[in-house]
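Next up: a single chain in structure tokens, the form predicted on its own.
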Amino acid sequence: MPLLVVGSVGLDSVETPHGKVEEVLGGSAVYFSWAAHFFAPVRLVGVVGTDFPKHFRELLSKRAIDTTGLEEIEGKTFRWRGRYQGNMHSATTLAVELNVFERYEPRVPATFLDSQFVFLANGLPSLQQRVLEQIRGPEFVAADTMNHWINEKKGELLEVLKKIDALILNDEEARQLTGHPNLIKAARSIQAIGPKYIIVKKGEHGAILVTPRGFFLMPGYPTEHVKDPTGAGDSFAGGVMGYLAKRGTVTEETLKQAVVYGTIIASFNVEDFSIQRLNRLTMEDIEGRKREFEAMVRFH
């Protein structure tokens, strides 16, 4: 089934101990779409400025990513500049230029309104709400958020949580949102607000899937060559939602498999800057690493 994603499309400048890149393709919707397209057709809704390089749009269109909903308006494209140091667990944001993204009002094309699987990438909760108001009866909606919205727009975020099926967030955000240091308690507290499923990302330590009946622990894939962690969380979410859209149904078992695929794709994403590693990735690569991973975690 087609999968709709609404989020940022931008130009990133990133510095890590392994190198530096300037104005490469980035944004939450880009990483998500690239990961998801291995499993299902992706419908992307976002905005860029008139300075957005044409070859980046062409690069997206060459994949199974429908860019009909990628608006271009007068002005500059969203930009992010960051630096990773040491163990590269988190980025230091050096500059953020919202540009056209600051005044963006998402408009879902008519041909996208029947999307059954929807992902609201990290963004202003009021914009996520307006997207939901446009979609006709989606089967499964998941969303992402960040500490800034929890701090500044918690009331609006809570309204969004009442209308979605799943929330994907990291461990710090789960604790911040609920006040619970224990992640299982934090997830149960979020479930009480609305979403049936909670996926808590723990970086290199994997993820926890919390369902109404229990929880599933997923270790991180032990990647040796981490070059740039930018977009790892978004590519994880793309793998999860892409697999669910491919299966066309959401159960605890399909969710477990989806978390496995999300983990695998994120492990590839960090091996190069921007979407360079994902661009070279094949489904054979993904399945091969999945078999390796299964052998690592299997025991009697």
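Everything quoted here is computed from the prediction, not taken from an experiment. The numbering used is simple: start at 1 and walk along the sequence shown.
In what follows, reference is made to the form predicted together with another copy of the chain, a form of this protein that is not presented.
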property: 4.5 Å heavy atom contact, E74 to another copy of the chain in the predicted bound form; result: no
property: In the predicted bound form, S189 touching another copy of the chain (heavy atom, 4.5 Å); result: no
property: Partner proximity in the predicted bound form: G194 to another copy of the chain, non-hydrogen atom cutoff 4.5 Å; result: no
property: Residue contact check: R103 to another copy of the chain in the predicted bound form, 4.5 Å heavy atom; result: no
property: Segment that reaches another copy of the chain in the predicted bound form - one of 146-154, 109-117, 211-219, 131-139, heavy atoms within 4.5 Å; result: 211-219
property: Contacts with another copy of the chain in the predicted bound form, stretch 258-296 (heavy atom within 4.5 Å); result: V259, V260, F293, E294, A295, M296
